[in-house]
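Below you will find one chain, with nothing else, as structure tokens; this is the form predicted alone, and questions on how it binds or moves follow later.
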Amino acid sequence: MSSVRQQIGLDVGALKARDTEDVIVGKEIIRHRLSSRVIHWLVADFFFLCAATGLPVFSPVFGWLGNLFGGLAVCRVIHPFAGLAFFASAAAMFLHWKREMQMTAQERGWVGPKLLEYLRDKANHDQIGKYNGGQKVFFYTAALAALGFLVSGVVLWFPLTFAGFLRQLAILVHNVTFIAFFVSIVFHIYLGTTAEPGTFNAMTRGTVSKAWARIHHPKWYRELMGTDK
């Protein structure tokens, strides 16, 4: 009987996760509604599509990726449109999370060397809300990367429209932005999977366990439980 009740609770949680969040359902907390998860995965999918079609153009070393799409010429056609889709989804993500991602004075101190304190679990952990300083830094990094890709990408898409020095600058900006953002994506994936088990579920089913919330986002957990006075 308890297993049946547990399954019913999970089903109710999955249903509620379609259109609401910050709600406790049994032993779980709905962290991300369906729209949030769709936007997140659209940004991720379009970024990796851009990477897969852009790397063969960048270097022959990645020519095997081009073969997956039918050759280099096809990649050159797909890449800019995938880039526009990535920017559009990143813009939607920025508008969707802009209010929740405003950094507090304490979190601004994490930028730079103090950001490592979060990775070492030495930050003021007790005051971490729904999103921590590291997640907010990544959010703004993604927004800046999307803007950098768009501006430099337009120059590279229509090279004859712009002066030679602008084309060279666009190549530099595009490549540096990709390298920096790709590295941050690797850390993002690591922190969302191996480093913090249970986190990935927040972007699949939309829920996390109470125990996960209490450990990783204690202030948010206390607010939901009504004990953060």
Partner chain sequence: MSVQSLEIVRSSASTWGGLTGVRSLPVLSKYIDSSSCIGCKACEVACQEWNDLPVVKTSQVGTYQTLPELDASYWNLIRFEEREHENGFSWLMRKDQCMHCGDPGCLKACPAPGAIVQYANGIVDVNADQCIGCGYCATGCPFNIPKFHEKTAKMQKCTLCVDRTRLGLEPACVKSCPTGCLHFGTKEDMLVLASQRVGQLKKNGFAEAALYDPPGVGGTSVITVLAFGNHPEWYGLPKDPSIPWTIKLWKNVLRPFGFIAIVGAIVGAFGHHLYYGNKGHIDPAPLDDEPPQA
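Positions refer to the first chain, counted from 1. Only a predicted model underlies this, so the values are computations on that prediction, with no experimental measurement involved.
There is also a form predicted in complex with the partner chain; it is not shown, and the following applies to it.
Under a 4.5 angstroms non-hydrogen atom cutoff, the partner chain in the predicted complex has E196 among its neighbouring residues.
The partner chain is not drawn, but in the predicted complex it has no heavy atom within 4.5 Å of A105. The shortest heavy atom separation between G70 and the partner chain in the predicted complex exceeds 4.5 Å. Although the partner is absent here, Y221 is a contact residue: one of its heavy atoms lies within 4.5 angstroms of the partner chain in the predicted complex. Relative to the partner chain in the predicted complex, residues L156, F165 and I171 are all within 4.5 Å by at least one heavy atom.
In sequence order, P56, V57, F58, S59, P60, V61, F62 are the residues of 32-67 having a heavy atom within 4.5 Å of the partner chain in the predicted complex; the partner itself is omitted from this view.
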